[in-house]
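One chain comes next, on its own, written as structure tokens: the form predicted alone.
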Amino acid sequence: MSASFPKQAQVVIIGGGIHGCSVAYHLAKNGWRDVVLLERKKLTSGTTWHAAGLVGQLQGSHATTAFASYGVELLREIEAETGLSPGFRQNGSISIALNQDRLSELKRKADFARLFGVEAAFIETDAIKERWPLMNAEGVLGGIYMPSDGSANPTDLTQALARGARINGAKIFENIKVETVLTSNGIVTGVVTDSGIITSEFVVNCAGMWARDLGQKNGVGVPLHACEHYYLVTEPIAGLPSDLPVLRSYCDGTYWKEDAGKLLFGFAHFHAKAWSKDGIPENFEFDSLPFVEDDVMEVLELAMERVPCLTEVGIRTFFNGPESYSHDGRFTLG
């Protein structure tokens, strides 16, 4: 262990995924000079490395819309600050509706977006088809177009945030496992790691799918669990536009984005499948899960109906990985 491993810090952040690195970056940038981040394996391992990287601002509340809008600003600025590109492509996004209830929901969310100066507009079915020519427009009542949305590379963005945190004085340690959080009279006093104790005034649990188990050790409930999440990547598609907007169909449970001349499409399962209910394997790092065809056939059939070229193009990548989900899909803060 390096002699620079600290014995104390103002704040210890547990977890080196995109959230942990973001917390380290923002605290350090805002003047905190004693910030320590601890990652059990390598930065981005666990779930961040295989995220689809969608950037969307169509949210259902003032707070979440403000967060999402700021995220786009950060993506635009982080490369100039750190010299690392987050791979941000601002191709826009289209969210489609197949029934009136969904259409009303999308319009309401678009109103929230406009309150924060985020451009969002209703778009007719014919115009959606023009922007997304591979889409089968049957049953589509319309949608919401967000020109400032897009996609980013989650690994590159996390590394940029980590570099920004270090530039501003934060210390980041990989291959350090936090065993437990120390408290005294209900107040945090530090953390116990497999490399020693660090005393601290604050501890931030950004452990992702490990956050629930870590919280339980101190009687803190973190309503979050890992579930299986599938996505597929096609073979190259001739003539596929590189500026294709991200397409979301909440009714079909699918999302789509152009990926280096191929289509990446993922599934929001109608029936979530919890993973590792008996505990996450100790050696889990950059791992994937078995791809079970029966788990995706229902949604895959809808995907092929929505984008018929899937019946003719081959699939290059079948991927299944764990994702951390809260009970209502919202942030868990506090």
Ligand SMILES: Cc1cc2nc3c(=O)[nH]c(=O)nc-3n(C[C@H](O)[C@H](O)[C@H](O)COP(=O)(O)OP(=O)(O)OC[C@H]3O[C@@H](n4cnc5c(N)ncnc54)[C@H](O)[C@@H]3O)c2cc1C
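If you're wondering where the values come from, they're calculated on a predicted model, not measured in any experiment. From 1 onward, residues are counted along the sequence shown.
If you look for the form predicted together with the ligand, you will not find it shown, but the lines that follow are about it.
- Among 88, 145, 231, 112, the residue placing a heavy atom within 4.5 Å of the ligand in the predicted bound form is 231.
- Interface residue among 170, 96, 160, 207, judged by heavy atoms within 4.5 Å of the ligand in the predicted bound form: 207.
- For residue 166, no non-hydrogen atom is located within 4.5 Å of the ligand in the predicted bound form, even though that partner is not displayed.
- Residue contact with the ligand in the predicted bound form: residue 319 places a heavy atom within 4.5 Å of it.
- Shown alone here, residue 176 lies within 4.5 Å of the ligand in the predicted bound form, counting heavy atoms only.
- Under a 4.5 angstroms non-hydrogen atom cutoff, the ligand in the predicted bound form lacks residue 35 among its neighbouring residues.
- The chain is drawn here without the ligand; in the predicted bound form, the stretch among 295-303, 24-32, 64-72, 47-55 whose residues come within 4.5 Å of it by any heavy atom is 47-55.
- Of all the residues from 10-24, those having a non-hydrogen atom no more than 4.5 Å from the ligand in the predicted bound form are 14, 15, 16, 17, 18, 19, 20.
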